[in-house]
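This document starts with one chain, in the form predicted on its own, laid out as structure tokens.
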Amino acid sequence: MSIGVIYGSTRENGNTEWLTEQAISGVPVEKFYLREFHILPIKDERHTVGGFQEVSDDYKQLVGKIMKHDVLIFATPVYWYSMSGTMKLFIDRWSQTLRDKDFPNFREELAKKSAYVIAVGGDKPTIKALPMIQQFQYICDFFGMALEGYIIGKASKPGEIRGDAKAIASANQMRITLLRCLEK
């Protein structure tokens, strides 16, 4: 079993990244920082005669690497009560991948995966980020992927997450769960 971590923050070493690092400390993972990839917005061509056209960016290469993993951890700051635009842009492109001949079993392969979400926000995130968690649940449901759990931390300024004892405890518990999964 292998684990891929998809970081949706544009800030290097931000609160979300720090909390995620607590959850994966000592766990073998492959990390994908979306900010390091050139991913263009989706152009909805589902209903055009030719369908989706090839896009010249890094998305296809990235999704190919991510699909090799059994467990996906989506790490995103809470931006305006949802996932970051970077993360949303990446997931929006899944519509295109569903019809991509290079990924003929995309939906079926996602259905075999487990997912976790780690999110950090500053404005009452344990309440206001819940619609975002529900959004991830709907995404997982659409593909038949199991959303196994999530962590919501509270922080705004750089480094504030270190003061969220509850989120840190949840990250430590997630790490134990991930390590147990790897033992199976």
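All values reported here derive from a predicted model rather than from experimental measurement. So that there is no doubt, residue numbering starts at 1 and follows the sequence shown.
Just so you know, the form predicted together with another copy of the chain exists too; it's not on screen, but the next bit is about it.
Shown here without its partner, the chain carries 60, 103 and 144, none of which come within 4.5 Å of another copy of the chain in the predicted bound form through any heavy atom. Although the partner is absent here, residue 158 is a contact residue: one of its heavy atoms lies within 4.5 angstroms of another copy of the chain in the predicted bound form. For the chain shown alone, residue 98 is a contact residue for another copy of the chain in the predicted bound form, at least one non-hydrogen atom being within 4.5 angstroms. Interface residue remark: residue 113 is not counted as part of the site for another copy of the chain in the predicted bound form, having no heavy atom within 4.5 Å. Taking non-hydrogen atoms only, residue 150 approaches another copy of the chain to within 4.5 angstroms in the predicted bound form.
Proximity to another copy of the chain in the predicted bound form, defined as a heavy atom within 4.5 Å, singles out one entry of 64, 131, 51, 28, which is 131. Although another copy of the chain is not shown here, in the predicted bound form the stretch 78 to 110 places heavy atoms of 79, 80, 81, 82, 83, 84, 85, 86, 88, 89, 91, 92, 94, 95, 98 within 4.5 Å of it, in sequence order.
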